[in-house]
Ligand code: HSE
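Just the one chain here, the form predicted on its own, laid out as structure tokens.
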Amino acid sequence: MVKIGLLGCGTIGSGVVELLGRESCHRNGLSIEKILVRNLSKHNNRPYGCKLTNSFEDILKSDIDIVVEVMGGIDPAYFYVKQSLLKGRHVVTANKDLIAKFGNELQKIARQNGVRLLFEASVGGGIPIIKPLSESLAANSISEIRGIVNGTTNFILSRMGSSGMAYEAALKEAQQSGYAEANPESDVMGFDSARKLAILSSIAFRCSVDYEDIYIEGINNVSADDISLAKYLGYSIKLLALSRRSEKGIMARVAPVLLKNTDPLAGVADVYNSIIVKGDAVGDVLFFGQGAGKLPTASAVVGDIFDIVRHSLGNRNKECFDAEELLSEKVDMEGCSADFFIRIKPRSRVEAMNKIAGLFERFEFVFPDRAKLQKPVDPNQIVFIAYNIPEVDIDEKIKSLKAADAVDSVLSVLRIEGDD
């Protein structure tokens, strides 16, 4: 019998309990022995069939084989996971914050103590992506990862695209539907996606990518006008997590971008996630599925448990971070260029257009047919696409636009991705 200690029994934890209660798990000898919860009385009437405790020491002193952490956050999860590894317990976690910040350190502790730390559920919910990156694609040199890795923002942008509603209305609908938290900052500001991108990039590029070094923009400034004009031009707007490795180093960013409707990621709707990995041998590989939710995420957690049961008893100690100690590598936007979709509100239309012509070497004004727009946009605004602008230069160019007497305000600055 393989004994499991579960840390946390919220949405994901209850999903793990449900899946481990299935006959197939019993046949494989999996049993939850204890569950750590904050409030015992809240769970007393639930049929877990095991002991509940509010003391981590009760978990640590038990003869548990695998500790499953689904509490989320850093504190106290970091302490609990570290102590479990030091005590020689295998650990499975769904905690992206923890792995993005301390994954390398915790993997080193796991190696030193002859146990494993697995975290398939930390990225992409129920989508298998960690194991394929670290195992199935191990023969490849990975040059690029790009994907939609946050269901909340994808739902919001999908609703804005399908209905023409404003960002605030779409966010409210996401909250009412249970897809967005009461405080949605981590999702809508791009922090959640950046942590996931850091995990994927560290595994794919075999180096330590710190999520704090990733360039981040959220979707909070994307407007219904942006959505309407993008659709008119044949694009969809998505919050794209992107990392590329070249001879110059690593570029990594999370930002809302315009994707051509022919791009495989452009059609990913609602709370679904999708990730494309580019390898030198295999080419592009697409992963798609439910990126969050009780049972999809619990499915990935239980998959890791099965992996440990099937392989670790024979001292097979696979690691996603496979270097003895991953080296940090510089992550920045230097040397990278992009095309930009820009909207401004002018004071003087002619003078503002002359200013644009002086600032941007290659650009194209957009004069939309108002009858073909999803919703009306202000006809007085100026819309243009600036081509091949170095990332390190765009901020200064936008500052110059904002400072121009002929320009009242800069309404939007959005990258265009994958339109070569």
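All values derive from a computational prediction rather than experimental measurement. Heads up: residue numbers just count along the shown sequence, starting at 1.
There is another form of the same protein, the form predicted together with ligand HSE; it is not shown, and what comes next is about it.
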Counting only non-hydrogen atoms, which stretch in 99-107, 231-239, 334-342, 147-155 is within 4.5 Å of ligand HSE in the model of the complex?
147-155
At 4.5 Å between heavy atoms, is residue 226 in contact with ligand HSE in the model of the complex?
no
At the 4.5 Å heavy atom threshold, is residue 265 in contact with ligand HSE in the model of the complex?
no
Check whether residue 90 has any heavy atom within 4.5 Å of a heavy atom of ligand HSE in the model of the complex, and answer yes or no.
no
Partner contact for residue 81 in the model of the complex: ligand HSE, 4.5 angstroms, heavy atom
no
Which of 168, 181, 212, 284 has a heavy atom within 4.5 Å of ligand HSE in the model of the complex?
181
Among the candidates 292, 199, 219, 115, the residue which, in the model of the complex, approaches ligand HSE to within 4.5 Å (heavy atoms):
292
